[in-house]
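Shown below, as structure tokens, is a lone chain in the form predicted on its own; questions about how it binds or moves come after it.
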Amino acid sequence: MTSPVVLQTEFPGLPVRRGKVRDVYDLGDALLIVSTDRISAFDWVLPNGIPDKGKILTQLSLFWFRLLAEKDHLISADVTSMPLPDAVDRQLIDGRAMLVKKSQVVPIECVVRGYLAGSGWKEYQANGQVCGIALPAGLLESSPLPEPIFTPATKAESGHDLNISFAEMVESVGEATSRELRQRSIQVYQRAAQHAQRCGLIVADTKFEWGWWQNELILIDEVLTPDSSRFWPAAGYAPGRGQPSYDKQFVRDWLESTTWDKNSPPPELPESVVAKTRAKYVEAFERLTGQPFA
């Protein structure tokens, strides 16, 4: 049974910043991050969401935080113990909220790629490189890379991720920080990929966000979810083509089949697309955690 769709939360008196899918409330020395059921595609938030999506992303991130044992921003996911004003509907945010440390965000998307897909595949076709990293000739779409590569990106005002070179990252945040983030991001990816492999999944690529807290770099935001990662089923995997993935591909495919011009408000998703997308998110959660999604 699915829960009612939560597209937006409103807590009077709490400053809020709304991202595409998350509402972030400032509690002074901490932040309350609420993952809604909003879903975006082609830089637009769609008018209807995916039931339980916010809970799935939150619970999967919590699973990875525990498994990876990396220093991270999590304070608590127990809404009953959070220092929240009386106006906050705790039942509404139960399962989809995290109380986190307020860190100084490093303005870099730390992308790690183990396979050649997406924008990396397009760039490789053009010049044999990905973000300035030369790769062997003759690789196919979805080919495994000789070793995972770190390909940083920045956010443009339009919301797109813009790939940059490691040298450009150094210019932005400094060499020591860049080297540490490269090393730790690759290590986290490798540990996650090993776990996913045991679950019959491939982590083709993923992106991490990091922040400074008490002079240390900690893992922040969501981690290794279908919104931040490209998961493929290992069964049936074969280079030379695109792979089925556990993400919002059903949404993208349906939108591409319509007359929507991507420059005006998008249409509402049909119930069949909503149901298929939710099923993919649930399947990813259950395969990775080994637990049923309740």
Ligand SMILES: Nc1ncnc2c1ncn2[C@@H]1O[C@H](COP(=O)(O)OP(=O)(O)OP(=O)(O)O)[C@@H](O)[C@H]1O
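Just count from 1 along the sequence shown to find any residue number. Just so we're clear, the structure is a prediction, and the values are computed from it rather than from any experiment.
The same protein also has a form predicted together with the ligand, omitted here; what follows describes it.
Visitor: Could you tell me which one of 273, 24, 14, 282 places a heavy atom within 4.5 Å of the ligand in the model of the complex?
Guide: When the ligand is considered in the model of the complex, the option within 4.5 Å is 24.
Visitor: Looking at 206, 142, 103, 185 here, can you tell me which has any non-hydrogen atom within 4.5 angstroms of the ligand in the model of the complex?
Guide: Result of the distance check: 103.
Visitor: Can you work out whether the ligand is within 4.5 angstroms of a heavy atom in all three of 19, 73 and 220 in the model of the complex?
Guide: Every residue of the spot touches the ligand in the model of the complex.
Visitor: Of 188 to 196, 95 to 103, 131 to 139, 81 to 89, which is the one stretch near the ligand in the model of the complex, taking non-hydrogen atoms within 4.5 angstroms as near?
Guide: Stretch with heavy atoms near the partner: 95 to 103.
Visitor: With a cut-off of 4.5 Å between heavy atoms, is residue 33 one of the residues that contacts the ligand in the model of the complex?
Guide: Yes, contact at 4.5 Å.
Visitor: Does the ligand get within 4.5 angstroms of any non-hydrogen atom of residue 155 in the model of the complex?
Guide: Taking the distances in the model of the complex, the answer for residue 155 is yes, it comes within 4.5 Å of the ligand.
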